[in-house]
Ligand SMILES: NC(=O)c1ccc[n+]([C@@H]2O[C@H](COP(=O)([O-])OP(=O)(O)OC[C@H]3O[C@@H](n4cnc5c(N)ncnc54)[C@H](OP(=O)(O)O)[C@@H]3O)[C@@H](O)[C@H]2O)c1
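One chain comes next, on its own, written out as structure tokens in the form predicted alone.
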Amino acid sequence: MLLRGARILIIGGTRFIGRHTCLAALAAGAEVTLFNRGQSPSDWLAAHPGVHQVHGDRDDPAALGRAFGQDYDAVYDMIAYRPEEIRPLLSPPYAARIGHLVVCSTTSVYAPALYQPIDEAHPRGPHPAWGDYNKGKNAVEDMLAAAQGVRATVLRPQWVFGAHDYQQLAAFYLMRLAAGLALWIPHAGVAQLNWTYGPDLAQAFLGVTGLPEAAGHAYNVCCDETLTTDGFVRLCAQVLGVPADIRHYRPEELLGELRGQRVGPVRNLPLACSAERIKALCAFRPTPMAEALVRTADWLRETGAFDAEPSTPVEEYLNARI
């Protein structure tokens, strides 16, 4: 686990997952350096003047050199999407400056599932639903698996949600429920999947840090509850105390320019995963989904997100046909 006084470098770190991880590391007494392009709002860092920031692109050798002006007990890489992005960290001079490299990957690296829930023994490989994202993340993991002389651990979250989620994964559903709008779910809404609460993922980064037995391994990181898409919406409605007006549609029946567009971030794709391996490794214990959703809803309410009435072109089309 992360020790007080540890020196941490977070590559990416001001928007969502990196932000939660930065705050968790500070709370644990770590010395934190952020390396990012400086393009995302970072006003929240004003309350943490001890955080050192290095602005630059990771593809720029000079910027990377500035970020590695010292040795680090751990480096948390939040934004490795291509093998060429991770390669410099596995080679001199940077590899020797990293005590433990922890890389954020995704459960989307798995090949089409032969069984559910998916654990880390399930093979990685191409998946038609995830395209280039799957290919890039798998290439990164392949490079990490082949690396010599670097203690590296991979974390695989799934559908990460919580405060500051700029993709609005859970927020998409919470905002519509709060506004009393119908929620359109593709097909029957029975695809089973898991979610990952952002602060839990941050705790996973800290939890695996420095553990020799974590080196060379990958770990799913997700909540314990496996929910269908419909079940997730109903749980969101339950924590808000509102009814869930769930309606189903067939995406293939959409017309014209609407075809190929989706309502909501979640696909009609089963991807139930198990996080038992990381729970056996360290003190990682995921937040119950209902509690995590309450916290997310509270943040949305505080930021005024519930004051808007969101809609997409597909929703407008479907609502007009009711």
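Sequential numbering from 1, following the sequence displayed. Just so you know, these numbers come straight off a predicted model, no measurement behind them.
Form predicted together with the named molecule: not shown, discussed below.
For the residues L169, A218, I86, L193, the 4.5 Å heavy atom test against the named molecule in the model of the complex is passed only by L169. Screening T226, N134, S105, T153 for any heavy atom within 4.5 Å of the named molecule in the model of the complex leaves a single hit, S105. Remark: of stretches 272-280, 49-57, 25-33, 251-259, the one touching the named molecule in the model of the complex is 49-57 (heavy atom within 4.5 Å). Using a 4.5 angstroms limit between non-hydrogen atoms, R37 touches the named molecule in the model of the complex. Using a 4.5 angstroms limit between non-hydrogen atoms, Q158 touches the named molecule in the model of the complex. At a distance threshold of 4.5 angstroms between non-hydrogen atoms, I17 is in contact with the named molecule in the model of the complex. The shortest heavy atom separation between A178 and the named molecule in the model of the complex exceeds 4.5 Å. For the stretch 67-84, the set of residues having any non-hydrogen atom within 4.5 angstroms of the named molecule in the model of the complex comprises M78, I79, Y81, in sequence order.
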